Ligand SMILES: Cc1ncc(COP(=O)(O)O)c(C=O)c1O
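One chain comes next, on its own, written as structure tokens: the form predicted alone.
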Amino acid sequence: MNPFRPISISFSPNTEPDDIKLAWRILFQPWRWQKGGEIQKLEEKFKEYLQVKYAFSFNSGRSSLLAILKSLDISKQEEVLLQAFTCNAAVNPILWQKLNPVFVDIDESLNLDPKDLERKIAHSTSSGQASKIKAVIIQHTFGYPAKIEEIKNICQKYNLFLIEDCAHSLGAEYKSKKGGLPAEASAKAGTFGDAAFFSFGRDKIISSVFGGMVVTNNDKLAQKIKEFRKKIDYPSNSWIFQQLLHPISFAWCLPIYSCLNIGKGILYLKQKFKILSPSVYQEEKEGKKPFYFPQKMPNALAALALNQFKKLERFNRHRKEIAKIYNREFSWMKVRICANKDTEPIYMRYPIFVKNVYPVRNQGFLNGAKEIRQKLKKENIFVDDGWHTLPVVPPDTDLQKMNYIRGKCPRAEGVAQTILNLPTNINISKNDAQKIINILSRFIR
């Protein structure tokens, strides 16, 4: 591996030279930072791409989800069902709205399990009292669409709002057999629920470091979301400055960070002195709401997202090509690959699952996914994206503050202990993917 060109799964992996030039140019145009025409252009692109009536931008995916929840007719202390093996950014807006998150286990695709969903709904209604469950959030994990129609049918059966979490899945498709679509037709994730939200975080399908979008075809809901957005502010210029600096900083400094093995220390200092912002704030790990959310999408970040949106199809084609290499090479390894024949994933990550102990040739034993991540790091391959250890990530999230009870979702807890995510982003070449496979083959057999 070239020590000056590290492979990364989460340090702004989509950033290309034109993105860096754009961020650098906008950095010196502060009059463009908050308001401007790029915001509406981005919203129009989303409406056209997804064929939906309404699109509303916000400064993050969690702001987008909070906007949806505030616009639904849900009273305090009522319940929202969502899957375990999720990010606290999906849980916190529920808590901030004074609602109760109820966790559902996952299926083989790492998405919400329809059977466990119906069990938990049935349990809620078995006492004879009115159910407190009002909405379901369906997450398309790592760009693998969930069993959308099955879950949608359950929501219709119990008169529940359906919200699609498309933070990982811009461009993913589901082969619909119902809903008025012709046989074998496909519909994009984000078009099945009452509303959907997307994220443009630094490691998402497209990236503006922070940013999000709500889409819906519901006129009443759209009006409420529009009214809600009018009442909130744009982020401060200092916050926007942090986000513009992020792709520039990592493009210049990440090779030095990895080569000198001091990346974590420098990154910590930059965040401590607020030169850069973290992807998840410390308060969020404890269920608290930073004042950065909810806010409007600033024009500067809309410009970055718009530039990436122009490259979406190329990005997703590349992810699929890398996934094909992994599919072929891992067919002989003892790893389990999640798949659903009715979907067309876009592979934001390529998850594999390793057992607790693997023999390492001439090196004794390597203990599980954690050690494999460390082994790859020594080869200048950074795959620690935080999606491991706990059923609500990052790994230092306070599960009690998230209202998660250990043992309630055993499959999600097991996956968190054994998952290893591999990169698929545009900066990973086919040769890079093959090198990753060659390294893994030393101790995965």
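When you see a residue number, it is the position in the sequence shown, counting from 1. Computed from a predicted model, the values in this text were never measured in an experiment.
There is also a form predicted together with the named molecule; it is not shown, and the following applies to it.
**Q** Which one of these stretches, 308 to 316, 146 to 154, 161 to 169, 227 to 235, sits within 4.5 Å of the named molecule in the predicted complex when only heavy atoms are counted?
**A** Comparing against the named molecule in the predicted complex, the contact stretch is 161 to 169.
**Q** Tell me, out of Ala89, Ala303, Ala369, Leu81, which residue has a non-hydrogen atom within 4.5 angstroms of the named molecule in the predicted complex.
**A** By the 4.5 Å criterion, the partner-contacting residue is Ala89.
**Q** Looking at Trp33, Tyr404, Phe56, Trp387 here, can you tell me which has any non-hydrogen atom within 4.5 angstroms of the named molecule in the predicted complex?
**A** It is Trp387 that has a heavy atom within 4.5 Å of the partner.
**Q** Would you please decide whether Gly61 lies within 4.5 angstroms of the named molecule in the predicted complex, comparing each non-hydrogen atom pair?
**A** Result yes; Gly61 sits at the interface with the named molecule in the predicted complex.
**Q** Even though the named molecule is not shown here, does Gln139 get within 4.5 Å of it in the predicted complex, heavy atoms only?
**A** Contact with the named molecule, yes.
**Q** Heavy atoms within 4.5 Å of the named molecule in the predicted complex: does His246 have any?
**A** It does not: once the named molecule is placed as it appears in the predicted complex, His246 has no heavy atom within 4.5 Å of it.
**Q** Just to confirm, Ser199 within 4.5 Å of the named molecule in the predicted complex by heavy atoms?
**A** Yes, contact at 4.5 Å.
**Q** Heavy atom within 4.5 Å of the named molecule in the predicted complex: which residues of 203 to 227 qualify?
**A** The stretch touches the partner through Lys204, Gly211.
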